[in-house]
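Shown below, as structure tokens, is a lone chain in the form predicted on its own; questions about how it binds or moves come after it.
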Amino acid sequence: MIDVKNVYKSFGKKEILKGISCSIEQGERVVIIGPSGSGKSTLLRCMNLLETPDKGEIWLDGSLITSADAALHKEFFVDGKLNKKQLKSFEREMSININLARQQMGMVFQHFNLFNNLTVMQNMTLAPVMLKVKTKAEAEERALELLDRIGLLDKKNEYPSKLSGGQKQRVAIIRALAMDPKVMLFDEPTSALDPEMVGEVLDLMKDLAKDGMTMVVVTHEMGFAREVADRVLFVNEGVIAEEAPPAEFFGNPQHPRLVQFLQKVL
């Protein structure tokens, strides 16, 4: 479903990702853990192009969604000269692929990112209607169905300021689901919540996992990783230092930095 190939990303002189490659299969739940500043969130944001990789490729469901540097691709050159027509055609295709990719990847952020001036219902129907994925009636029907699923149907006309942190994050998750994405990306979805609210968000994510949703989750919730993940990746200093199924990952870690990390968080 997602192929990350040799991706590099720097901010100024600081290199964050140093040639990361990984694949996410359809229906797979992959959890990414690691120390703060290791590149976990940057990797996730590169997957849906909220951050543009400096180098490397991102593929979604068989389509390349990262535009290539023309200078690196020989097929754009004829007798040493740049074929601008062919390059423009490629860039148009990339633009189409990028827009489709963003519609197919739901993103859930640490701080909810709900529109505070819109009601819960308006937050949920805005993107499907504006992008013409659904009619207004279809979008509202889907929103009501999702709100009912998480027990917040009575909050449909409330503004985000009236919701608890856990309610905001659950609304943010179903807002992403309202687009019927192929993949859900979660960037530390519980780290801004009070401890008592974490459980209700994790329960919703577990339900999505049971439904077979392809999920990539950056989190510090080790219990969730053990219970839900098919595979856990440990990112350290911009590279994937180790990856394994949860039982092996937590029960028999190999990389010294992972051993050290788990001793501190478990």
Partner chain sequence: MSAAWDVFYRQMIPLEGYKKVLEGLGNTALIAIVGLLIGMVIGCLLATCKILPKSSFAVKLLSGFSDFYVAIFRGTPMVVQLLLIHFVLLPIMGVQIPIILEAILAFGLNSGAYVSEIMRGGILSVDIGQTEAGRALGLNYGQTMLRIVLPQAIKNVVPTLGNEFIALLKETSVVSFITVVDLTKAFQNIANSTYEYIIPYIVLALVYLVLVLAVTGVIKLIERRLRAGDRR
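Residue numbers count along the first chain shown, from 1. The structure presented is a predicted model; accordingly, all values stated were derived computationally and were not measured.
What follows is about the form predicted in complex with the partner chain, which we do not show.
Contact annotation for R45: at least one heavy atom lies within 4.5 Å of the partner chain in the predicted complex. Contact check for M179: a non-hydrogen atom falls within 4.5 Å of the partner chain in the predicted complex. The closest heavy atom approach of N117 to the partner chain in the predicted complex falls within 4.5 Å. Though the partner is left out of this view, L144 does not reach within 4.5 Å of the partner chain in the predicted complex, counting heavy atoms only. No member of the trio L233, V239 and Q260 reaches the partner chain in the predicted complex with any non-hydrogen atom inside 4.5 Å. For the options K134, R149, R102, K156, the residue carrying a heavy atom within 4.5 angstroms of the partner chain in the predicted complex is R102. Residues of 118 to 136 that come within 4.5 Å of the partner chain in the predicted complex, judged by any heavy atom, are L118, L126, A127, M130, L131 in sequence order.
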